[in-house]
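For reference, the chain that follows is the form predicted on its own, supplied as structure tokens.
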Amino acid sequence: MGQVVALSSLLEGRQVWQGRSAPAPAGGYASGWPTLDAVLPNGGWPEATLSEILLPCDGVGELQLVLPALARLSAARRQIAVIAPPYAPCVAGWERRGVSMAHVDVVHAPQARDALWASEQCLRSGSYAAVLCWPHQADDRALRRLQVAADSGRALGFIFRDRSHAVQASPAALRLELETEPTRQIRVRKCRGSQPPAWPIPFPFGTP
């Protein structure tokens, strides 16, 4: 039987590697949902990086989640790109939420690789404050390219994917999952810089 050694002696002797979580992104952009911002290390959407939103299906409130931030960006005359959405954005609905559609560019990309290419270019360009993308087929390498592009262009990147991808590793700084059962709520799966809360966050219908 090997010798029993106290863990404290190994730590003091620096014989055990102690992992540290990756540092949180530099800043946060308020999401407009106070209960969500309260649990995020940056107090909002992490800037210049990707935020991944996992869904059970389309149309469960994913746009409602991001529209408050998009409204403020468009009010500041900053441009927003919407890449390959599953449905055409409802102009009246977006404007009712305060988004100026004059500052929204919608890009149709029928092929998955085209959507990824367009998203990467928009993120990297520095011309867009936020880029929303629905990359139905994106492996780890493709997501890392988007992450690097968001950092280069200092943009908010939002990617919407099926929740079946939750088991896969992701380079996104923030991963949220929208749940509809037993009630509508947000579960933080990953937030760089801190531990995700163990409890879900209520996500009511209507305005924050």
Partner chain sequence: MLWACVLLPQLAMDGVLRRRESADEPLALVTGNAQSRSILAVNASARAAGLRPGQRLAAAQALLTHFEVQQHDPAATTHWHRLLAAWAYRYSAEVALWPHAIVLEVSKSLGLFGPWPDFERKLRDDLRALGFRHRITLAPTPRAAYVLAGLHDGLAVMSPEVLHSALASVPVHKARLPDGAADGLLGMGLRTLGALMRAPRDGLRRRFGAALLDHLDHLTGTNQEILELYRPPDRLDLSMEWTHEIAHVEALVFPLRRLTGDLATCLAGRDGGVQRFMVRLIHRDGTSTDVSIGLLTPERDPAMLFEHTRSRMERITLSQPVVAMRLVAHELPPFVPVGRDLFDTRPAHALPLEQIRERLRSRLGDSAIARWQATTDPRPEHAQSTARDIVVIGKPPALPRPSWLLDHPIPLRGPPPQIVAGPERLETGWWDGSDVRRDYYVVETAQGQRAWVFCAPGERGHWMLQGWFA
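Just so you know, these numbers come straight off a predicted model, no measurement behind them. Positions refer to the first chain, counted from 1.
The discussion below concerns the form predicted in complex with its partner chain, not included here.
Original post:
in the predicted bound form, do 104, 154 and 181 all put a heavy atom within 4.5 Å of its partner chain?
Top reply: Answer is yes for this spot.
**OP:** Report whether the minimum heavy atom distance between residue 60 and its partner chain in the predicted bound form is within 4.5 Å.
**Re:** Yes, residue 60 is a contact residue.
Original post:
Wondering, does residue 71 line up within 4.5 Å of its partner chain in the predicted bound form on heavy atoms?
Top reply: Taking the distances in the predicted bound form, the answer for residue 71 is no, it never comes within 4.5 Å of its partner chain.
Subject >> Contact flag, residue 96 vs its partner chain in the predicted bound form, heavy atom cut 4.5 Å >> reply: Residue 96: yes, in contact with its partner chain in the predicted bound form.
Original post:
With the cut-off set at 4.5 Å between non-hydrogen atoms, does residue 75 touch its partner chain in the predicted bound form?
Top reply: So residue 75 does not count as contacting its partner chain.
Original post:
So which stretch, 60-68, 168-176, 39-47, 138-146, is the one near its partner chain in the predicted bound form (non-hydrogen atoms, 4.5 Å)?
Top reply: Careful reading of the contacts points to 60-68.
**OP:** Check each residue of 102-122 against its partner chain in the predicted bound form and list those with a heavy atom within 4.5 Å, in sequence order.
**Re:** Contacting residues: 102, 104, 105, 106, 107, 108, 109, 113, 114, 117, 118, 121, 122.
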